[in-house]
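Only one chain is shown below, in structure tokens, and it's the form predicted on its own.
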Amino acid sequence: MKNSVLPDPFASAREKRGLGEMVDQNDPVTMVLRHKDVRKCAHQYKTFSSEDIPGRIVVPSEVNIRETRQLPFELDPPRHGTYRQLLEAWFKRPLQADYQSILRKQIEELIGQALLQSQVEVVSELALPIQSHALTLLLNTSHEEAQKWISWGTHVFRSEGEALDGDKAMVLYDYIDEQIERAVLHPGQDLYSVLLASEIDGRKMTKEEVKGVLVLTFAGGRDTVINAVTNAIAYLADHPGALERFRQEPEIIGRAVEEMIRYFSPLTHMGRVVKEDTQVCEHAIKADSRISLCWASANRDPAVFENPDEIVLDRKINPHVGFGFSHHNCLGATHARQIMKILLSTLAEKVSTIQILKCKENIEMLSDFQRKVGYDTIQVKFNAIK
């Protein structure tokens, strides 16, 4: 089996029932698996809510490690829309040419360094630095801050395995508190300062609200970007013709990014809290239970995608839900797309082939389901174009 293959563990349950079951810290979750049902439930925020105890809609749950509500992620409309409208322009900055130019320079420098090494551990030495350096650009903060974030490692919230680690989470929360206090005393043009000067419903945002936005910004785009980068590099190692195709047809790179997000689905699923007794796929769902919108399963639904278990680099019709769906689609999607587009184009320009020397898969355990989401480690050699 090729290293980049991600088997679909949900195929049988999706076809037979449309639902799966898992237990998350004694709080059961009904997984919604079909594309049409995932999108339908995402629309129905009054029945399937994002607004509950902070941390409960995340799977695995974070209720035991944080009290800060992630904004606007853990709010329903109309409050969700109020915060999102405030943030949209900032998170669309990756569409600007100067932003892309700086991001390209960051990624080209990291790929250039990798080409000088006999081998590279992609998770810690490439994907994490790409994500961290790019985050300095998104926050409009000092580039040197990336080294601190890199030093945290890949598991800010988790110990190895599935257990959530409150002590590790506090490293991030304490850091954000410090940066907010710095911005209070010395306001600048960074996201902390911009938010502190912003108004919601005619009043200034509180420090706790600012913290909620920043916790989401740090946590929401960390593992997902790392998974996207490592999976893409594994795919290119297994399919060297893809790099040549990108060189010959650079216009397909945008579609290739969407297809990789569909196929790899860097985030498996996201929860919702059921507000009233209802049904999903003709099965009863009780109030105050949880469902999850399983993006990874929906993105392999053969009722929607032709050849769903293959990467079709120039797939033209691609209604994937890898960045979520409806009002809660990913706020950082524009930033993530630019990272991936620039990464693929840079690799095509500089790298002839990639050799995988050693790897260990990162397997997500979801009760009866086991899903490969990426890699705990993947060591490769990048061969330069001569």
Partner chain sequence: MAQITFVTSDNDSITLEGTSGSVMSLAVGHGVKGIDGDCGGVCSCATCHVFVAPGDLEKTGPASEIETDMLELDDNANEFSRLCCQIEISDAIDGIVLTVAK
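Numbering follows the first chain given and starts at 1. Predicted model only: the values in this text are computed from it and were never measured.
Heads up, the form predicted in complex with its partner chain isn't pictured, but that's what we're talking about next.
Mapping the unseen interface onto this chain, Arg203 falls outside it, with no heavy atom inside 4.5 Å of its partner chain in the predicted bound form. Using a 4.5 angstroms threshold between heavy atoms, Arg222 stays clear of its partner chain in the predicted bound form. Contact between Lys360 and its partner chain in the predicted bound form is not found at the 4.5 Å heavy atom cutoff.
Mapping the unseen interface onto this chain, His43 counts among the residues with a heavy atom inside 4.5 Å of its partner chain in the predicted bound form. For the three residues Ile317, Phe325 and Arg337, a heavy atom within 4.5 Å of its partner chain turns up in the predicted bound form in every case. Shown without its partner, this chain lists Arg255, Arg182, Arg104, Arg93 as candidates; in the predicted bound form, only Arg255 has a non-hydrogen atom within 4.5 angstroms of its partner chain. Stretch-level contact analysis of 33 to 41, 65 to 73, 47 to 55, 346 to 354 against its partner chain in the predicted bound form, using heavy atoms and a 4.5 Å limit, identifies 33 to 41. Counting a residue when any of its non-hydrogen atoms is within 4.5 Å of its partner chain in the predicted bound form, there are no hits in 177 to 193.
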